[in-house]
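Let's start with one chain on its own, the form predicted alone, as structure tokens.
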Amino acid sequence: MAVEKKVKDPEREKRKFQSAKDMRELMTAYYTEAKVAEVDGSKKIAWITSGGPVEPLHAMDVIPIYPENHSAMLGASKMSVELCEVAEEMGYSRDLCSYFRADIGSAVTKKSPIPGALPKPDFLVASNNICGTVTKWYEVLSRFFEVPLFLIDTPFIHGEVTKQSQRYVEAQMEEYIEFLEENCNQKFDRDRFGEVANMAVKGVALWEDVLATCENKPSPMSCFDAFFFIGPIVTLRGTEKCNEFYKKLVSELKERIENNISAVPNEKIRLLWDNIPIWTRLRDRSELFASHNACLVADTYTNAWARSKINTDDPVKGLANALHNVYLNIDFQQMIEEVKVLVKRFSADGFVIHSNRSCKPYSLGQFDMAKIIQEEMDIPTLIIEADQTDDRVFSEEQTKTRVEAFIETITDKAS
């Protein structure tokens, strides 16, 4: 019996990104280089937190690997629950971050979308500017792999960075450089570091340009696309490869605007997302909102990588200041103000909040935030209770019902 060929939806095909293929090739090459280095020792490998200072690593020709990024991949690949359960069997509480649990489970079992899992680190670098969990997480990794750990302690910012706090982190940056020299057996090249810092500033500006295209009505991409394209600004920030990729992506987005190719074909509702994505449900959530002609045009998560800039006049001081200003290291009132700016800038009709069981620093105060934004910005808000990668706490029917009621509220308000 003849097999029927699946007919492709021309509208869906038209909206596909050409840059998606480039992105996959770029990230495949990145992980391949790291796996080769693990075998032949051609380069040192450092595991680092997403809020950590990666620029000095690139200056020392060290390959940075991000367990958080890998854990997001585990979630998107539907592998995270199984690996979280491995960690729980080892005695780690289910209340702990699912990124951590999945990461430890992968390290123990070697299960991963990457063949053989992540390459073994030569040393670890952690900064607690994103959360306190990474401190213990990386201590566990240090014991497991029997490699040294450098921890950067970044004071929480209430209002503005104080001179004392700035000097405190600057001193740690100098200690970090000494740590790298000792573990890489080479002198730190400050001129090279300046070049990398300049490259990183250009990369952040290009990422800003990518996100800014979503101010257009209709938006050429959604935050679900941004969640995918965020990879290079996290893993390859400070490299020419990163910047070249975003130049091409910006060009493609501008072409989409010129040709009226939008992320959602019949965009009528524009929404803002808060918190880390639900990696296990990206396509499902994208299609659910799109089915209601709603486009999530911006989010606090991807914009976080566009806000911390290095003053390259003195890269060490500039990086110390940038480490302070990570989105999760600022007080609640500053977060509120940033959300208000995003609502206005992207003309959001509603605010969708992911109450993330795993990420306490990101989720703390969200019910107050929802109330404030709803009252002061006069837009409806929706809270979705889930987890970034642990699908066991997600309810499909409950979420669908809440989304439909939320969309109806926005529609009624507009009529």
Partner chain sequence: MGREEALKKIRDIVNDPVGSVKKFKDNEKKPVFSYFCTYTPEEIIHAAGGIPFRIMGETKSVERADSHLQSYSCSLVRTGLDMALLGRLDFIEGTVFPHTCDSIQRLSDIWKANAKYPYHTDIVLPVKLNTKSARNYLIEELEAFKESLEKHLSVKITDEKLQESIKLYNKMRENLARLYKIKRDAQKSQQLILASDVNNCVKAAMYIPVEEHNKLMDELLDNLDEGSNIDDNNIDKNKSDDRPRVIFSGTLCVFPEILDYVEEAGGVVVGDDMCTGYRYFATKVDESNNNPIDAISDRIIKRPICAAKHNPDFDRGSFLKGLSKDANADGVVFLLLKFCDPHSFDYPYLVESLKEIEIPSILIEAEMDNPALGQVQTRIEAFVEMIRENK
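Residue numbers count along the first chain shown, from 1. Worth saying up front: this structure is predicted, and the values here are computed from it rather than measured.
Keep in mind the form predicted together with the partner chain is missing from the figure; the text below concerns it.
- Taking 368, 33, 376, 61 one by one, only a single residue has any non-hydrogen atom within 4.5 Å of the partner chain in the model of the complex, and it is 368.
- Put simply, of 240, 209, 175, 85 only one has a heavy atom within 4.5 Å of the partner chain in the model of the complex, and it is 175.
- Of the candidate stretches 185 to 193, 337 to 345, 293 to 301, 146 to 154, only 146 to 154 has residues whose heavy atoms lie within 4.5 Å of the partner chain in the model of the complex.
- Candidate site formed by 133, 136 and 363: every one of these residues places a non-hydrogen atom within 4.5 angstroms of the partner chain in the model of the complex.
- The shortest heavy atom separation between residue 91 and the partner chain in the model of the complex is within 4.5 Å.
- Within 4.5 Å of some heavy atom of the partner chain in the model of the complex lies at least one heavy atom of residue 140.
- The shortest heavy atom separation between residue 356 and the partner chain in the model of the complex is within 4.5 Å.
- Proximity of residue 286 to the partner chain in the model of the complex: non-hydrogen atoms within 4.5 Å are absent; the residue sits far from the partner.
- Along 42 to 63, not one residue places a heavy atom within 4.5 Å of the partner chain in the model of the complex.
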